[in-house]
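Quick heads-up: it's one chain on its own, the form predicted alone, in structure tokens.
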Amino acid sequence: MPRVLTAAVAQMGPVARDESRVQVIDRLITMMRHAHARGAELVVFPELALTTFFPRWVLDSQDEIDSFFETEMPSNETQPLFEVGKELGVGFHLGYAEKLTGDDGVTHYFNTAILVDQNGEISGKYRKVHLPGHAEPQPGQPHQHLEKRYFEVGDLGFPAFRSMDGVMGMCICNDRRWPETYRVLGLQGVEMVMLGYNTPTTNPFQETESPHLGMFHNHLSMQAGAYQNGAWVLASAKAGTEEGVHHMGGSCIISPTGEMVVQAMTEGDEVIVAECDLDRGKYIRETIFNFDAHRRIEHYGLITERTGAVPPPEK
């Protein structure tokens, strides 16, 4: 009997700097109700869904920086999303900026995502590992990308969770480009990977690639990760021109075969839905990419040892 989970990706259009949490949560609830009306049992929201993408600015006031972070989840402002999810029986993935004080009394800041089950309970948490950009502003750029300034590297690894009758994993934005992300989750038998991203159409820190190539690489990395690990990938973007910076969008649902099942067609708030058979990738994990039978990690170092490492080119 197939284990079918009807899942939705809720892409968001721009979030203005002065848009309140209450206004954003109203948008998320509207999309959740729309997804539920189409049969969805799970909704994936984007990275840093509750605010504008603030790492594009140099912020000097700690109070202003802290205003973009959540100190508890659910909070008073986000509680309605949890309540509606429980009322509808819809789980959700939510990305947000997390501030917490550790046992040592030190305050920590993370780019975080949570998985909330159909009973409104948090069943998993992930903190972003691959932080892009810089810690210091780069002169002469049209906008900054300062995640390393505002966030610490995630300290939870890449955990997998049993929830909604499946093995679930999460990652965030730049994590999606690294094969290690999917492989570590795949080694835990993950069946579905949820992620959100806020990706500018152009990258101000490198030679600019054409927008179509940026979108191609966006999807390529996720399709490869899905196929090589026999897992569904549900990717939700922030899209459109937000505070003067254009975000590529391209939210999608990718099957364990690496095929694009459905893709968002706009750059605004949009819900896409697919029936995801959690057993769809089983034959891939048991045959083509059967790690126990075919993966030969003990030989990788031996190959390098025998051939010699290729030295980097001279500058």
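Residues carry their position along the shown sequence, with the first being 1. Just so you know, these numbers come straight off a predicted model, no measurement behind them.
This protein has a second form, the form predicted together with ligand CDV, left out of what is shown; the following refers to that one.
- Note on contacts: among E98, E147, D117, E242, the single residue with a heavy atom within 4.5 Å of ligand CDV in the predicted complex is E147.
- Proximity to ligand CDV in the predicted complex, defined as a heavy atom within 4.5 Å, holds among L81, C173, V90, V190 only for C173.
- For T181, no non-hydrogen atom is located within 4.5 Å of ligand CDV in the predicted complex, even though that partner is not displayed.
- When ligand CDV is considered in the predicted complex, R177 lines it closely, a heavy atom lying within 4.5 Å.
- In the predicted complex, ligand CDV sits beyond 4.5 Å of every heavy atom of S123.
- For P132, a non-hydrogen atom is located within 4.5 Å of ligand CDV in the predicted complex, even though that partner is not displayed.
- Note on the interface: of 194-202, 223-231, 69-77, 153-161, the segment with non-hydrogen atoms within 4.5 angstroms of ligand CDV in the predicted complex is 194-202.
- Residues of 31-68 placing a heavy atom within 4.5 Å of ligand CDV in the predicted complex, in sequence order: E47, F53.
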